[in-house]
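The chain below stands alone and is given in structure tokens; this is the form predicted on its own.
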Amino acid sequence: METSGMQLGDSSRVAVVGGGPAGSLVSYFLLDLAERVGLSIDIDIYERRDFSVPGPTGCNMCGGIVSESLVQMLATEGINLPPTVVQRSIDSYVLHSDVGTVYISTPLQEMRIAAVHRGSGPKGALGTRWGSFDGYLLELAQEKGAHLIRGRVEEINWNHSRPQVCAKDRPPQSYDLLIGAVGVNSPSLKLFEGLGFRYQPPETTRTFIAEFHLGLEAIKEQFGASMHVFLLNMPRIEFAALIPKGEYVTMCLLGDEINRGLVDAFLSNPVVRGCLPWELASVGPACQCSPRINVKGGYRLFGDRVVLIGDSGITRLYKDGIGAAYRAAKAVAVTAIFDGVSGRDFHRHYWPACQVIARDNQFGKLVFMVVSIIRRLRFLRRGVLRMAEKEQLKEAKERDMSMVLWDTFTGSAPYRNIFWRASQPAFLLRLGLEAGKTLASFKLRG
């Protein structure tokens, strides 16, 4: 088999900048695969955040839903999320709209969708009742043998054709492979743009995440084990949800440049006020942030001995970013151990995995475009709810709408599958009939 000549060997050194899920998983897979083939490599993970600390210091700015498909994939790797990391298992969704509400149970009667805190909870969280999802993955990588370096990376350059990392208060270190696993909100991302392989960062948009403290009993009574999703005629909001986590409920708004005015309008909506106690919304969240998210992948994600993964590369549109990080991390680790670490190696073996995600995102854009049309037309919103209601009451043989909604909300299925299922003639006919009945009743009342 033809090789590039740039291979990892015994005592090769790898730097991973970023200790979130992408960085931890690629370190874990590299060490695991190296061990299987009898290779001894050293990995340094550069991560300045402490995921054991509540609030912004340990937060990775994410809604915190781990999809069912990712839970299954992690389990096949021997990574089973402990109860201390899972704040709540989601077994159902409640879809709220101005034209009604429908409860949607899991189609497979399983409870493997996990609501997690990326850090150790919001600012002011007391005690250590739950652990950090990101912290758990980072500890797994360290148990495999990765070395954690607490320090901000200030410069990345070249030293005799080897990438060199300069961290605060530490001497420069040269490596055989440099992996960028930083988020799009990290200033470290800019450091990769000057390495000479024409890397361009992803296109992003601003979102909004807030944590409200309700207490265990109030969460159980008001939200249960359901995520509450909103289908409202509000501009620029592609996805809005309230997610129960331990003693907190997370409000997550995804869309196009979410600003404070849009957040206030969402909180003031009567449908939202019926779910989230208005007095609590008036007091304000315990913690909030407006992170940017990747909505279109970066360009030139690799060169000789350098590769970018996770949010700094290509990730899934709006949903299951951690799942995309898993796939990218596995592809990079397999390439580096079995093929090589040149730009040509990554183009041959890592880039195809990126293209799969990018192509699926095109279907995702179509899915959310259709959702946007439904949000704007009241009779279509009601048609969707009527169709789902009948399926949940077992008045319909098929559960097509329930499956489409479930997979869209959870991110468990590829967008291509969702689009294909929703474009079937039988599905469109049923939706058309329900929407037609609703439109006729609106006209009669009018």
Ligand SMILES: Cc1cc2nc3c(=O)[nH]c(=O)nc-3n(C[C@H](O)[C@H](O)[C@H](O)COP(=O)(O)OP(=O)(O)OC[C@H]3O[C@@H](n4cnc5c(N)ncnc54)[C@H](O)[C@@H]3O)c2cc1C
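Start at 1 and count along the sequence shown; that's the residue number. Small disclaimer: the values here were computed from a predicted structure and weren't measured.
We do not show the form predicted together with the named molecule, though everything after this point is about it.
Note that among 292-300, 370-378, 213-221, 333-341, the stretch whose heavy atoms approach the named molecule to within 4.5 Å in the predicted complex is 292-300. Among heavy atoms of Ile179, none comes within 4.5 Å of the named molecule in the predicted complex. In the predicted complex, none of the heavy atoms of Arg386 sits within 4.5 Å of a heavy atom of the named molecule. Although the partner is absent here, Val153 is a contact residue: one of its heavy atoms lies within 4.5 angstroms of the named molecule in the predicted complex.
Taking the partner from the other structure, the named molecule in the predicted complex has no heavy atom within 4.5 Å of any heavy atom of Ala329.
In summary, among the residues Pro202, Gly183, Pro122, Gly131, the only one with a non-hydrogen atom within 4.5 Å of the named molecule in the predicted complex is Gly183. Asp320 is the sole member of Glu238, Asp345, Asp320, Glu247 with a non-hydrogen atom lying within 4.5 angstroms of the named molecule in the predicted complex. In sequence order, Tyr46, Glu47, Arg48, Arg49, Phe51 are the residues of 39-54 having a heavy atom within 4.5 Å of the named molecule in the predicted complex; the partner itself is omitted from this view.
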